[in-house]
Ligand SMILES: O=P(O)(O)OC[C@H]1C[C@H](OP(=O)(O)OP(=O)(O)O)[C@H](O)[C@@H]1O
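Just the one chain here, laid out as structure tokens, in the form predicted on its own.
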């Protein structure tokens, strides 16, 4: 256990000075130093060597840049939010020993964030006209909650739920009430819980009543309508999957009853184990979704870092492509990979841009710009 914290956390200074690494990189640096070797290399971070039609969203570039800042290297990278399909997403050029020990953290920053952003964008595309919020921070170690929430926003979700993560990334967390609030008042006292929330919580917070704690969803919804009247903005259904039955039918029934009682203005939010298929199925009846584990528990993108040039000559291990590469967006929206020393395909746009020059970051990082870029790129490549 760390002397500084009762929690199992890697301190920031361990990441910054390269101690957050796999042991064999330390051994490698020792061996190269002993042998007097420190070749000038080009290293590339890739997932797939060739395009296969499966696009993913690049995220984590800001953290990667700050990790490598101050090292005597040049780095190029795709803009954050770019959809990629094979080939390098980041390239490092410099003396190998100067950055070798940072590989573990570099891949971790890019791999995990890109997986989260990719699933967030899939959820976004499944319900483009609904609000979709990230509710999954509870499923991950709290030390990475800010990464999860930022990456979810890169993937174009509308909001986040984690308070401390919001403080880190400069966004206000959203959320209204859990079942625990209702249960604290007791069975039959749902109205008292809704009323206490309405009386206590800041007026800027939407009045979204959770309506499936003890009784039938329709029953609790109509009781919330009677109790809160015009103050009620929306209702939320978070019915556990084991009791849900035909969830679409339940949601449609609730919508019908709200309309029948002249409350077309009351929206419906749903949450609880939802993925893109659920959002697609329910989006015509639902104003907003809370998506949790599908986004926060996304599989990391399987990035690897490989040396592709040594002292100006192409090199690579078996199964990897030697030589420095460029990646392109072609006129028809495809992803193309070619040797950097060759001409670009006709009408294609080169995607790798400078990130670090001689240790200095030469790019700004704007979350809204990354999200806009991801959405526009998704349209260009037909991402679903």
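Just so you know, these numbers come straight off a predicted model, no measurement behind them. Numbering follows the first chain given and starts at 1.
There is also a form predicted in complex with the named molecule; it is not shown, and the following applies to it.
Asks: In terms of non-hydrogen atoms within 4.5 angstroms, which of the given stretches 301-309, 245-253, 99-107, 132-140 touches the named molecule in the model of the complex?
Replies: So the stretch in question is 132-140.
Asks: So which of 198, 238, 158, 189 gets a non-hydrogen atom within 4.5 Å of the named molecule in the model of the complex?
Replies: Selected option: 238.
Asks: Considering non-hydrogen atoms and a 4.5 Å limit, which listed residue (72, 273, 314, 128) is close to the named molecule in the model of the complex?
Replies: Exactly one residue meets the criterion: 273.
Asks: So, in the model of the complex, is residue 293 in contact with the named molecule at a 4.5 angstroms heavy atom limit?
Replies: It does: once the named molecule is placed as it appears in the model of the complex, residue 293 has a heavy atom within 4.5 Å of it.
Asks: Would residue 179 count as a contact of the named molecule in the model of the complex, using a 4.5 angstroms cut-off between non-hydrogen atoms?
Replies: Residue 179 belongs to the contact set for the named molecule.
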